[in-house]
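Just one chain follows, in the form predicted on its own, and it is written as structure tokens.
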């Protein structure tokens, strides 16, 4: 029995599912890393993902093309990013309140539009993103089954992780982006407006979270939209951002960890109640956040011990 369970858990299918589950979280985490570097706490990513999922399917259904759906998502991502920046940067509103409002607004808007347009709480069977088959990869045992015939966005995410890492740590704009969150006044004296970088970060976050939703509905679920299908992935992405200190590569690794335990949960449903297995990835997310808190406190304690003692 145990051997059967272990062989199921560590099968090629599990790791393939890991990539599919991790991709929307990873894309959103890349966007969240941008706003985090800019000094903006963005918990509105769940709503951004949900709107990306809906408008991706809407464009796919209306125009009969998944590419049109993705194009509509990109437009939506820019608009949502500008909307978020308008309140957090221009009006200096509380980021937590705006993020919560955005999540609530997205849930209500997509539910209303879905019922108005499709007549139900969702739709399925619309044009979906193509899968990619890499010639010759099938010849590699195990690895070919894991990496081949996946949604285009899974491979795109790998490229985006590298691009965003290079952008943040190897370009002047990345330096300005980090300075806008860490030392905005210093950046201002250098002639660069921190607000401009915060606007850029919000737009990038809207775009990447929109792509996360598009992958979820057009890639992972093959042209399907259901109400509240983001299923707290935005909050998990936020946890990945905090865990990784907004490093795009580490954030992707954290998303892979979530995807792995999500895939394990799906595999274990044959042996354990789905209500129990469905909690596994979220429990892992809690463990990640506890680790971050403990790590931070230990670092503060070490820093306190290093402080020089004042002579009385």
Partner chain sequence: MERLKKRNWGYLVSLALSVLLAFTIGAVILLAAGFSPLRAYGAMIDGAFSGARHIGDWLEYAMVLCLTGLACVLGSRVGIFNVGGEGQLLLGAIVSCQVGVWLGGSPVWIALPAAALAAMAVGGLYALIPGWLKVKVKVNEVITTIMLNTVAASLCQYLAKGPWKNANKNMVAATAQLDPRLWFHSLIPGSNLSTAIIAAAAITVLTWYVMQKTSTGYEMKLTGQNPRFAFFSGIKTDRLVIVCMVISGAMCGLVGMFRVYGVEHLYRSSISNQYYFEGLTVAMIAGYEPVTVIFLSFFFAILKIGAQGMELTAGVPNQIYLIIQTVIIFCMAAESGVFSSLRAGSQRKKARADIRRKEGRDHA
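The structure displayed is predicted, hence computed values, not measured ones. Positions refer to the first chain, counted from 1.
What comes next is about the form predicted together with its partner chain, which does not appear here.
When you look in the predicted complex, the only residue of 268, 250, 256, 43 with a non-hydrogen atom within 4.5 Å of its partner chain is 43.
Residue 101 is the only one of 226, 146, 78, 101 with a heavy atom lying within 4.5 Å of its partner chain in the predicted complex. The three marked residues, 96, 231 and 286, each reach its partner chain in the predicted complex, with a heavy atom inside 4.5 Å. Per the 4.5 Å heavy atom criterion, its partner chain in the predicted complex is contacted by stretch 82-90, the sole one of 206-214, 127-135, 82-90, 146-154. Interface membership of residue 108, defined by any non-hydrogen atom within 4.5 Å of its partner chain in the predicted complex, is confirmed.
Residue contact check for residue 112: one or more of its heavy atoms lie within 4.5 Å of its partner chain in the predicted complex. Interface membership of residue 236, defined by any non-hydrogen atom within 4.5 Å of its partner chain in the predicted complex, is confirmed. Contact between residue 63 and its partner chain in the predicted complex is not found at the 4.5 Å heavy atom cutoff.
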